[in-house]
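What follows is a single chain, given as structure tokens, in the form predicted alone.
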């Protein structure tokens, strides 16, 4: 009798597990706190599969190859939202299913020129790409992109393995736009990056955060939130996050639903769940970033690494259309 009861319970649990809907997310590593994912699964009796990518280019290539199929929610940066809209890879957002959209800061919504009416995207986070210094090993430095020209730090620094971010950094260092279409300016930027390349250990978008925290690297170019969440408690004072004085690249990552999504209704529920003020506050605290959610700010428990005011000298990376091929050519000349 007991064996029969156990067998029946096992069958029921198995069917229950198979009967749950699955939400497939494609995002940056460590970008959504695990506890937020678990809470969403519990609230909506579903499961979440969270796959990661290291660059927008990697994400775009995979989504384009699959014609938008395979995932339900993706987190691209602004220029790639624009590209994916033009390629017909995204479906329109049903705002009636996302009532928490009302909490988003209107100043940030006005900056989303890649999708001004928010027909296809919902902002998730906004910030700048920064330089992180492990002050245990580097005591004196100028808060400038010129830090990557220091021979005394050779082999202890990394730059992102990201074409637009690295070329954007060099362009800002020279006083140019990160979206320039001027060939002369791009050639100057290439020369700057080649000088930096002599001093860095590698172009890296995956291990830099762990590396700078452990002391393997002393100076890294990257996303503050990636490093912030890895710093042991009490060690925060040993790390400096700065936006170089010349300015840098501004990013706005958004949540989008690809055209081939299998669980569109659940995708809308997830986006709305993320925008719940208390959840948005937990996410901002976890990442160490200012929240784009106005209501969430009253629930935040930590001070962000930088403020929205700090972002004023930064420039949003935009879709360059066919001119992107010029950037691709120059990037290949740099990394070859």
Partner chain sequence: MKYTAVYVLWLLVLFLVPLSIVVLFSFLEPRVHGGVLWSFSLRSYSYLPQYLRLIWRSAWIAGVSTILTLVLALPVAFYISKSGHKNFLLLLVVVPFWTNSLIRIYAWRVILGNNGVINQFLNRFGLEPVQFLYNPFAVILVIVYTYLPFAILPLFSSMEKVDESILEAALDLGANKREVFVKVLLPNVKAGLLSAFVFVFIPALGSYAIPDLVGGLNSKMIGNEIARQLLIVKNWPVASAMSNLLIVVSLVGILLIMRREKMK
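Numbering follows the first chain given and starts at 1. The model shown is predicted, which means the values in this text are computed figures rather than measured ones.
This next part talks about the form predicted together with the partner chain, which is not shown.
(message) 98, 176 and 311 - do all three of these have some heavy atom no more than 4.5 Å from the partner chain in the predicted bound form?
(response) Contact check failed for every one of 98, 176 and 311.
(request) Give a yes/no on whether residue 120 approaches the partner chain to within 4.5 Å in the predicted bound form, heavy atoms considered. (result) Close contact is absent here: in the predicted bound form, residue 120 is far from the partner chain, nothing within 4.5 Å, heavy atoms only.
(request) Could you confirm whether residue 190 comes within 4.5 Å of the partner chain in the predicted bound form, counting heavy atoms only? (result) Residue 190: no contact with the partner chain in the predicted bound form.
(message) At 4.5 Å between heavy atoms, is residue 172 in contact with the partner chain in the predicted bound form?
(response) No, residue 172 is distant from the partner.
(message) How about residue 75 - does it come within 4.5 Å of the partner chain in the predicted bound form, if we only consider non-hydrogen atoms?
(response) Taking the distances in the predicted bound form, the answer for residue 75 is no, it never comes within 4.5 Å of the partner chain.
(message) So the partner chain isn't shown here. In the predicted bound form, which residue out of 214, 182, 238, 144 has a non-hydrogen atom within 4.5 Å of it?
(response) If I apply the 4.5 Å criterion carefully, the residue I get is 214.
(request) Answer with one of 153, 201, 231, 261: the residue that has a non-hydrogen atom within 4.5 Å of the partner chain in the predicted bound form. (result) It is 201 that has a heavy atom within 4.5 Å of the partner.
(request) Look at the stretches 214-222, 239-247, 120-128, 99-107 and give the one with heavy atoms within 4.5 Å of the partner chain in the predicted bound form. (result) That would be 214-222.
(request) Would you give me the residues of 298-336 that have any heavy atom within 4.5 Å of the partner chain in the predicted bound form, in order from first to last? (result) The stretch touches the partner through 319, 321, 322, 325, 328, 331, 332, 335, 336.
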